[in-house]
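Here we start with a single chain on its own, the form predicted alone, put down as structure tokens.
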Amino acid sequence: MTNLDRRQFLGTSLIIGAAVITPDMALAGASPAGWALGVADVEADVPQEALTLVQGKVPVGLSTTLFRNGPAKFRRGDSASGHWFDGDGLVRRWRVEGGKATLAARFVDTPKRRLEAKLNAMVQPGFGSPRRNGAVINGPDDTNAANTSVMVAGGQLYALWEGGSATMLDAATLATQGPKTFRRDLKQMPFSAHPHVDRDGTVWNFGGNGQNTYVWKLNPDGSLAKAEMIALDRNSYFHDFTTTARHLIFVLQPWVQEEFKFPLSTGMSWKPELGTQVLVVDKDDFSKRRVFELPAFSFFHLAAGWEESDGTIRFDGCLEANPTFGQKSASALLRGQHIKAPTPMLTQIVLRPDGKAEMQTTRVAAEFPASDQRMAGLARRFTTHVTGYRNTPFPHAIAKWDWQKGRDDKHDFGDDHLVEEFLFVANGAGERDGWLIGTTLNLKAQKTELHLLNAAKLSDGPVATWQASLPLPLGFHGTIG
């Protein structure tokens, strides 16, 4: 890749890429009403605290750490972020060990956060936020909110965004160590928030949207194995991709970038007449590629894929009829408004060896699909997802879809709980041998809770529930550390 190519890519990536809660206020009981607590501001880091076990019994020998990330600061002075996706990242560490649980949370110390704290104004542009007076933009990392997910690779903890570098964190203290440069000529190249990990620990990721994307391959020790730009067939926006044992899969929805400007979302148009394309790329040779055609749909998240003996590829995702949520609804949340968008539905996509493709919907509302990481690249039976969308913008239940039996095992936490992503912690060889661990925001108690459920019996409800001393706004994604 020439320096000119890199500069052009960075330039493109740079373009694309009223409630306040403080710990003291939360303890005093002051908070926004209802679901708006899920997008309230946190004003300070949360020192490590012991959680209160409010229900159940902790399984003997359980020892695990759940790292989660999400936006938690949207407003400064008389200004606010223009989109839920643009708030400052707050990394949370939930630790269960010796029958007890703890929480610590710390903001990622990004150039964006430092500048806006100094100005007491939200000025840096983003997915749905405009560029305002005082903005400083010399590269993608100046707008990096580090707010979407986390990754552990080679023992290093990273906070991830989709338009800039991965940010290194100290796993013990959550202190920010700075942006990661995997190779000198790759400084500030986008490293997305949705890496996929092979069973041997190899990490695959992409960076950037538009006419090209960058493909990353990291060795199990976290070192760079390969980094290469590949051309795409359309200027499609995609937040996630997926993999099989042999292939990378990019789903190119007809949400097309027609203009590079801030906010990013205002430069994209929904063109359902184009349909959706699925690009399949050989992991060993990026020049070997196939394109499959499907009817138009929009999406944010995909689950891991696999290949059958005849070459058929299967993967699932949470598919929407159109991108209303990303275009309008997620911005309205910060104004306390609920603009109803098409509900995402759990759907399996099947790519046949003869070039034909099909979609097999479950007709089940779902987001944040997850599975047993040990099954990466292998045929699997289950997909964990949030569900239970009712009268708020957020889900109220956690479920596990059984692709073999065609049904969900579900636990509904009730209207007082807003449910976040849950992840699998193995405790045996099978896909159901283990626990699901995740968090909810308890609106009635105005506190965030950590829950542990038996992965084989979700309908039985939590095996154990711990409660924090304060509410935290809803996050996006996590990892088991």
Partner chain sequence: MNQLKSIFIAVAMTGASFSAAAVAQDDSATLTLSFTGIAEQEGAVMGVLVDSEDAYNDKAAPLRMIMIKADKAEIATQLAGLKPGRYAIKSFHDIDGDGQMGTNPYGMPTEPFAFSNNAVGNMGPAKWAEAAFEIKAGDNAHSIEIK
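Residue numbers count along the first chain shown, from 1. The structure displayed is predicted, hence computed values, not measured ones.
The same protein also has a form predicted together with its partner chain, omitted here; what follows describes it.
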Using a 4.5 Å cut on heavy atoms, which of F107, F382, F299, F262 is close to its partner chain in the predicted complex?
F262
If the cut-off is 4.5 angstroms on heavy atoms, which of these, P323, G128, G207, P254, is the one near its partner chain in the predicted complex?
G207
Contact stretch among 241-249, 95-103, 184-192, 327-335 - heavy atom within 4.5 Å of its partner chain in the predicted complex:
184-192
Is G163 part of the interface with its partner chain in the predicted complex - any heavy atom within 4.5 Å?
yes
Heavy atom of Q211 within 4.5 Å of its partner chain in the predicted complex
yes
Does any heavy atom of G222 come within 4.5 Å of a heavy atom of its partner chain in the predicted complex?
no
How about P395: is it within 4.5 Å of its partner chain in the predicted complex, going by heavy atoms?
no
For the three residues I137, P140 and M229, verify that every one has a non-hydrogen atom within 4.5 Å of its partner chain in the predicted complex; reply yes or no.
yes
